[in-house]
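Form predicted on its own, single chain, as C-alpha cells, below.
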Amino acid sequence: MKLLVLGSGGREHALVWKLHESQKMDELYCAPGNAGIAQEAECRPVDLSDTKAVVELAKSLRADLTIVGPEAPLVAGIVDEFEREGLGIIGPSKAAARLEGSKIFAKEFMRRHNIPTARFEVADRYEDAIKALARFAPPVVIKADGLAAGKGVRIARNHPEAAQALEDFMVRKTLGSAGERVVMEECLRGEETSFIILTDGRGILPLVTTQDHKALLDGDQGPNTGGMGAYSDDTLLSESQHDEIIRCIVAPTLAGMEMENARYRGFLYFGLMMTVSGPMLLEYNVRLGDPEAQPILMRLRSDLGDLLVAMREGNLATVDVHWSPNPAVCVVLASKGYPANPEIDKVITGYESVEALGGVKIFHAGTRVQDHHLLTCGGRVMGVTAMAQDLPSAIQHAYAGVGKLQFEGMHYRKDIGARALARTPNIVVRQDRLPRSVRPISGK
C-alpha cells in the first residue's frame, strides 16, 4: 500500500515511525512533514488549509490511504472531499468533526445525550458573558468556542482572572474568530485522563490510556499549551473505570452521533476528569492527541497499518490488538516564548546521541534543516519518548535523552509523570486484558 500522513508535528512523526514498520506499507509519504519525518518518509510540501491541493497530492501519489493528523483539515471537511473523489482516508466527516470544531456544539451535544460533564453556560457577547460569570464560583473554566491549537482554555482562579480571559477572547480577540463565542463551566476536581479510541462507527478499539500535562510550567502552573508531555501506564485506570468510561461516555457519544446523522469514524479523543463521582467529560478531540500519540504508539505491538485498514473497511471489531505492558513517557522540548511568541531558527545539538541510549526515540515537531544544521521552527520542537519496564525507569530514560539535547532557550517541564509516582495505585490493570472492542447499540 501507498500511505500518506498529513501533518508536521510530533504526532505525525509518531504515526510515520509506526507505519514505517507496517507490513502493509510499500511507499510512505508525509505532507508537509518535518526534519525528523523526512528520515522515515518522503515529505511533500503542501498547504493543509488548501483542501483541493491536498486532494490533488493524494491523487498524484496514488495513495491508497491518507491519515489526517491535525484537527484543522478535519474540521474544514477534508474527509468529505476525499470521499467525494473516491479516495481512502482516516478521519471523521465535517459534521462529526464539530465535536472539536465547536466547544459549544460539543457541550450542548453532551447535554442532549446525557453524557456526564461540568455545568456550563454559553455566551455570544462579552456583556452576557460577564453576567453569566457571576453564577459560577471560582475557579471557573473559560473556553473559546473555535479551534485554538490547544490554547483556547483558561482556568481562572478568581473572577477578575476570568473577566480578563473573557476580555482577551471576546474583545481583544487574541484568538481571532475562535474566541468570539465562549463556554464558561465549573472547574472539576480529580485526575485528568486522556482516553482515545479508534472506531469505524460500530466497533470501538480503546487505545492505552494516557495523561497529558497541558500547563507550561512544573506543578501545572502557567498558561495552557498544546501539551508539554504525557505518559501511558496501566495504573491510570482500573478495569471497572475503563468499562464505565465506555458505557457512560464513549458508547453514548457514538450512538448520539449516529442519531444526529453524523456517524463517527476515525480517532476520537475523550478528555476526562476522574472525579469522586465518576468520569466526567471535559472535551472531545477528533484525532489522536499530541503528545499522547507518542507514548501510545511506542506501546503498540500490533501492525498499525492493519488497524487502519480494518477501520477503513468496517472490520475493526474483528482485529486483535496487542500492547506492551511497559509504560512510556514523552517529554516535550519547547522554544523560548512558547506558547505566545516562540523564538525560532535556533540550532539543535546532541540529537545524534539520544537514540543510542536504547528505548528512547526523538519525535520531531517544529524542526527543519538548513545548511546541514537542524533548526527549531515552532513552539513545540521535539518530544523525547522512552519506554521501560516500570514508570520510574521510563521517566529516567526520557530525561536522560532530554539531557543530551540543547538549543538556545530550550524549555521543558521537569515533572512529567511525577503525580503518578506520588500516588499509590489501588489496582494494577494490564491494558491487553481489557475489552478489545465494543459494539454500542444504544446510549448507556
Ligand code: AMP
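Numbers for residues come from their place in the sequence shown, where the first is 1. Predicted, not measured: the structure shown is a model, and the values here were computed from it.
Not pictured, yet referred to below: the form predicted in complex with this ligand.
- With this ligand omitted here, the record of contacts in the model of the complex names 136 to 144 of 174 to 182, 74 to 82, 345 to 353, 136 to 144, defined by a heavy atom within 4.5 Å.
- A single residue from the set Ala148, Leu308, Ile246, Met273 has any heavy atom within 4.5 angstroms of this ligand in the model of the complex; that residue is Met273.
- Only one of Val250, Leu87, Leu282, Leu374 comes within 4.5 Å of this ligand in the model of the complex through a heavy atom, and that residue is Leu282.
- Every member of the trio Ala118, Val153 and Glu186 reaches this ligand in the model of the complex with some non-hydrogen atom inside 4.5 Å.
- Although the partner is absent here, Arg98 is not a contact residue: none of its heavy atoms lies within 4.5 angstroms of this ligand in the model of the complex.
- Using a 4.5 angstroms threshold between heavy atoms, Asn315 stays clear of this ligand in the model of the complex.
- When this ligand is considered in the model of the complex, Arg265 lies well away from it, no heavy atom lying within 4.5 Å.
- Contact check for Glu192: a heavy atom falls within 4.5 Å of this ligand in the model of the complex.
- Of all the residues from 210 to 240, those having a non-hydrogen atom no more than 4.5 Å from this ligand in the model of the complex are Lys214, Asn224.
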